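This document starts with one chain, in the form predicted alone, laid out as structure tokens.
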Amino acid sequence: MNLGKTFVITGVSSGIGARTAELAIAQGADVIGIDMKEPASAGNNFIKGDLSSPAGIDAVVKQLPQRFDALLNVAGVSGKIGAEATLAINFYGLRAFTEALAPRIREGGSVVNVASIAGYGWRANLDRAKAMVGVQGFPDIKAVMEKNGVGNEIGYPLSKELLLLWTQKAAHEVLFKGRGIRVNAVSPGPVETQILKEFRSVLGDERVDSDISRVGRAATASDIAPVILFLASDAARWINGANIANDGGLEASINADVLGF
């Protein structure tokens, strides 16, 4: 499916990012991995970098090739480090990195953002999401938080709400649409990765256990990676600005409760 393509994958050292890279290579793709920690087998196509600041982003961008097929934004944090740092990594850094690389993605290429069911509330919180997504560049995040009344406890779900809204907006921005670059998202529910314990700390055991019980089990990285790669492939050439709820039916269950059907 992805024979001969080159993918840039963030968060490649563990969890969903590691499995996505592994599966992409098995399908014949070349992978350039990015993470703060070296993976078990880094090889020659690994770049150690921090995408949470403009300087860190610039340093990584300088090391990437001038042309590749897709950017898979898998890296993310649980929110345990606080809202400001979480927003820097999960949204503002991700957006700045993607916009910097957009001219290097081949025409007809793809951006895939890993969001989350935790971003479900973007519609209910639309005014806040629009205001925070509307801030251009890599802003003074603390000031943006204060202006929008953002508390430390909502950093993770907020970061994913912003990411889901931006994914839809970006799909129709000239930077991407002008060259036929598709921008989509995948939203997992709970996944058995190293940071699931952190999600329990941030979101609470009751929320995590409820989400798992609704669908019968937590996902594995192998449940999520194939959908990310599908969106990056030519098989998804007519999917743009979409969010795939890759969650075992969790969003459908929540919709039934919220919408009353």
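Start at 1 with the first residue shown and count on from there. Quantities reported herein were computed from a predicted structural model and do not represent experimental measurements.
Although it is not shown, the form predicted together with a small molecule is what the next lines describe.
Student: Using the partner position in the predicted bound form, report whether Val114 sits within 4.5 Å of the small molecule, counting heavy atoms only.
Tutor: Contact with the small molecule, yes.
Student: Just to confirm, Asp30 within 4.5 Å of the small molecule in the predicted bound form by heavy atoms?
Tutor: No, Asp30 sits far enough from the small molecule in the predicted bound form that none of its heavy atoms falls within 4.5 Å.
Student: So, in the predicted bound form, is Ile141 in contact with the small molecule at a 4.5 angstroms heavy atom limit?
Tutor: Output for Ile141 is no: heavy atoms all beyond 4.5 Å of the small molecule.
Student: Does Ser201 reach the small molecule in the predicted bound form if we count a contact as any heavy atom within 4.5 Å?
Tutor: No.
Student: Which of Trp122, Phe91, Tyr156, Trp166 has a heavy atom within 4.5 Å of the small molecule in the predicted bound form?
Tutor: None of the other options qualify; the answer is Tyr156.
Student: Give me the residue from Val74, Leu162, Val183, Leu87 that has a heavy atom within 4.5 Å of the small molecule in the predicted bound form.
Tutor: It is Val74 that has a heavy atom within 4.5 Å of the partner.
Student: Where, among 22-30, 230-238, 50-58, 64-72, do residues come within 4.5 Å of the small molecule in the predicted bound form by heavy atom distance?
Tutor: Residues of 50-58 come within 4.5 Å of the partner.
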